[in-house]
Ligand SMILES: Cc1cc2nc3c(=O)[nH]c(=O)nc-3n(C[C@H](O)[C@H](O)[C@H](O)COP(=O)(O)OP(=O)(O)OC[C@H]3O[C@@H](n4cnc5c(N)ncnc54)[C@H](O)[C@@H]3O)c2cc1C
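The chain below stands alone and is given in structure tokens; this is the form predicted on its own.
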Amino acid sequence: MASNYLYIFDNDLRTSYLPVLSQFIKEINDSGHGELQCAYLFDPEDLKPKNFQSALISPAKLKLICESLKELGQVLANKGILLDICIGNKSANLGNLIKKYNVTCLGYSSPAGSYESELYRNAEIEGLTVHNDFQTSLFDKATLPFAINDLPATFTRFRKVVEALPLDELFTHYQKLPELSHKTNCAMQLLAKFEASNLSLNKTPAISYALDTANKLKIEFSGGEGLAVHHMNNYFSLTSPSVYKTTRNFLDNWTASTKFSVALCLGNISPKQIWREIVKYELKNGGNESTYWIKFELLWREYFHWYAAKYNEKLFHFSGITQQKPLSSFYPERFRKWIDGATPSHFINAIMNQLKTTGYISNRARQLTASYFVNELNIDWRYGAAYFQSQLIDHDVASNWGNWQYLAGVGCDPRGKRKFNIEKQQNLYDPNMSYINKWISSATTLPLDSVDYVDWPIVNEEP
């Protein structure tokens, strides 16, 4: 009996470095029969505030997802593969697809988040043959040099173990998606079906409203594999990689950092592709501390992906992976002022305004405003992590929540909570206040609280 294959795209919106989908195509080609269906599931409910008063996805990121899907659907159609976009409850839609296409083999990229993992548990109960692997990381389950549960307790230990491996050899083989040898539908028919599916996505009221909201923002990024590869190639055609370590902490400079995080979170490119390009750059221009540091930060991202796979739901626990709860709480007024860029710190306000306006802030800015949130505002770190998730166009579950845990002292940092001196950081990175002046229109200083701990109004008396 012929096998019917269903591959679910998620944060892997590309046509390279997809071993699970490649294996499906190979099995169909080798057997000479079988059907392949691809789908993307989106639930508009994810645009509504949920836990910790924040949505699971930002309108800005949704815009980039839609751009990525448009290109992906067209490329797959030309390969003889239909991409179906399903709107609504993900679990229900997955079940409907399985029944509609009489699916016998289900494939997907192993997700980092527990919410996403839950989706596929019912499918396994149905008795399907399930193929999944970690396709958004450098390693997969086969090449990771230890079992997931044996992940080293700190990044430094992890890095020392994996850097002992021949990484440049492991990650430089280009993996292109093969073609279907026999195509049951012509590209034009598949493209027409995809366009109808894509149109329903854009016409869904909640999605349409979110996209209108995103169009009002100052988004400097676009989604799609083609543009991601173009940006990567352009970056490595410059000298920027050779000075990366000296510029990476700049607050608001396009070429100061790689800007690969957006393409990585969408899955428009694989981290293996980036590693491959670093190696090529080093062979041509010579390697130095800066080119190594790009690899270093890919390994930092890598660690948190396996960290999320190991700790699963603990990624979202107040006490993190520790047994000790932080000495913090939830203060609605402080939380709102942080979101609105109305804290006593002009520097933090500028960062938060940039985030709200563009959906993006630099890595240094993220560390600083998170430190302020945890240490100065003394708010439950999960509200900050959830707000980042609801705003960032490059939100990655593992990296975001893992780094917030790290900074809040409930993660993998053996030194405990991290605290930045905000005034010192401003003097280092914005001594002339050019960043502040760009992102805040008023320098009015507001008190942190309007009431005291027993809810009495705080009155600033004149001397």
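All residue numbers are counted from 1 along the displayed sequence. The model shown is predicted, which means the values in this text are computed figures rather than measured ones.
One more form of this protein should be noted, the form predicted together with the ligand, which is absent from this view; the next part is about it.
None of the heavy atoms of F158 is located within 4.5 Å of the ligand in the predicted bound form. Shown alone here, F347 lies farther than 4.5 Å from the ligand in the predicted bound form, counting heavy atoms only.
Contact check for F388: a non-hydrogen atom falls within 4.5 Å of the ligand in the predicted bound form. Contact between S399 and the ligand in the predicted bound form is found at the 4.5 Å heavy atom cutoff.
For the options S261, S328, S240, T291, the one in contact with the ligand in the predicted bound form, meaning a heavy atom within 4.5 Å, is S261. Only one of S114, T204, T143, N363 lies close to the ligand in the predicted bound form, with a heavy atom inside 4.5 Å, and it is N363.
Comparing 74-82, 222-230, 104-112, 295-303 against the ligand in the predicted bound form, the single stretch with non-hydrogen atoms within 4.5 angstroms of it is 295-303. Not one of Y5, S16 and S270 is positioned with any heavy atom within 4.5 Å of the ligand in the predicted bound form. Taking a 4.5 Å heavy atom cutoff to the ligand in the predicted bound form, the contacting residues in 367-404 are Q367, A370, F388, L392, D394, H395, D396, S399, N400, N403, W404.
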